[in-house]
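Before any questions on how it binds or moves, here is one chain, the form predicted on its own, in C-alpha cells.
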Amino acid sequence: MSNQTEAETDLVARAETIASFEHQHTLLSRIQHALHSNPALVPLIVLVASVLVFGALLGTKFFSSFAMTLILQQVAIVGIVGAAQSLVILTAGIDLSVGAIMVLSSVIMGQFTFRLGLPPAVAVACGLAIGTLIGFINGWLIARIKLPPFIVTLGMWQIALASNFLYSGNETIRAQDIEANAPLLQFFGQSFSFGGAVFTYGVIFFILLVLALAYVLRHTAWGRHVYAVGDDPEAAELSGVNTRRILISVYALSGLICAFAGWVLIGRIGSVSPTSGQSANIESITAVVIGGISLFGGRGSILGMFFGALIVGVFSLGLRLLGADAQWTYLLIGALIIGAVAVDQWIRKVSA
C-alpha cells in the first residue's frame, strides 16, 4: 500500500512538472504566435519606440508636421520599390533589378517625350509598359526555365543599367525643360497642404499602394496563393495553385510598380537623370527585412515593409537633426537588419 502511494505521489509530481513545462511552452508559443500572426508588430514597436526616443531628445523640432511629412517624402520612393521587392520576397525570391527598372523607366518617359516628341502621357505609358515587360521576362525565366531568381535579376540589373546609359547617352533632362514642356512627368512631385502638413502626390501614391497591396494579399485568392508559393511551392502546386502563373504575375507586377517609382522619382528630383536611384536595390531590401518579411518567403506583411521604410526615415532625420555623423545611421540600420533576421529565425525555431 505504501509503495502504491509513493508511486502515485511520483506520478503527480511528474504530471506537475510536465504541466509546468507545458505552461512555459504555451507562454512562449503565444509570443511566437502573436509575431507569426501579426508580422508587422515588431517593426511597429520599433517605429513607435524610435519616434518617442527622438521626440524626447529633440522635442518640437522633431514632433512637427513638417518633420513628419518630410520623413514620408524621403521614404516614398524607397517604399514604393520596397513594395515591389516585398511581393517577390514573399514568394521566396529576390529581385536585384528593381532599382535599374525604376531608373530605366524614368529615362524612357523622359527621352520618349523630348527625343521622340511623343505626348507625355504616351511616354509615361511606354515607361510603365517597359517596366512591366522587364518584370515579366524575369518571372518567365524564373518560372518557366527554372533559373535562380538571384542570377536572373542580377543579370537583368546589368542589362537594364547598361540600356539606361546607352539609350540616354548619360544625358540629364533638366527640371526647367520638364516644367516648361512636360509637367505631367513631374506630377508626383506636386504638393498640397492639409492640416498644416505638406504632402506630395508621390507620398499619397505610396500610402494608397501599400493599402491596396495589403488588402489584395490578405483578402484575395491571388494574395493567398502568393503566400502559399513562398511557403511551400510543391504543396501549393499539389493543392491546385498554378505556381508558374503566380510567379510570372508577381514579377510583372513588381516591374510595373518599379516603373511607377520611376515616375515618382522624376517628380521627387524634378529632372530625369540616368544616375539617380542607384542605391534603391539595397534600400528596398533593407525596408523589407526591417519590416519583418521573411527572406525565406511565405511570411510577412506589406504594412511591415511600410513601417520598416519609416524606421529608416526616422533614424535618418532624427540623427541628422541631432547633428550626428551620417555613418551612425548606417551603423544603427545595419544592427536593425541583423536583429530583424535574428527575430525571424527565432520565430521559425519556436515554430519547429
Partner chain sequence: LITKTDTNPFFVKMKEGAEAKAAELGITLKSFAGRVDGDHETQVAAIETCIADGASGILLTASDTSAIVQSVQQARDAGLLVIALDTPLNPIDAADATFATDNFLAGELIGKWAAGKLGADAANAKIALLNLGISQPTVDVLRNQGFLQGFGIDLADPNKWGDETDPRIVGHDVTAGNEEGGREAMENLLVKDPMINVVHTINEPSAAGAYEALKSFGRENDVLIVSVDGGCPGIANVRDGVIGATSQQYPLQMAALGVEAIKAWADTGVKPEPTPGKDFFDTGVSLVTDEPVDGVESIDTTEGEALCWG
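Numbering follows the first chain given and starts at 1. In this text the structure is predicted, and so the values were computed from the model without any measurement.
There is also a form predicted in complex with the partner chain; it is not shown, and the following applies to it.
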Which of these residues, S271, S249, T132, Q111, gets a heavy atom within 4.5 Å of the partner chain in the predicted complex? S271
Looking at A49, L57, L321, L41 here, can you tell me which has any non-hydrogen atom within 4.5 angstroms of the partner chain in the predicted complex? L321
Listed range touching the partner chain, judged in the predicted complex by heavy atoms within 4.5 Å, from 249-257, 262-270, 203-211, 122-130: 262-270
G139: touches the partner chain in the predicted complex, heavy atom cutoff 4.5 angstroms: no
L317 near the partner chain in the predicted complex, any heavy atom under 4.5 Å? yes
4.5 Å heavy atom contact, V53 and the partner chain in the predicted complex: no
Hey, in the predicted complex, is I45 touching the partner chain, heavy atoms inside 4.5 Å? no
What residues in 171-198 sit within 4.5 Å of the partner chain in the predicted complex, counting heavy atoms only? T172, R174, A175, Q176, E179
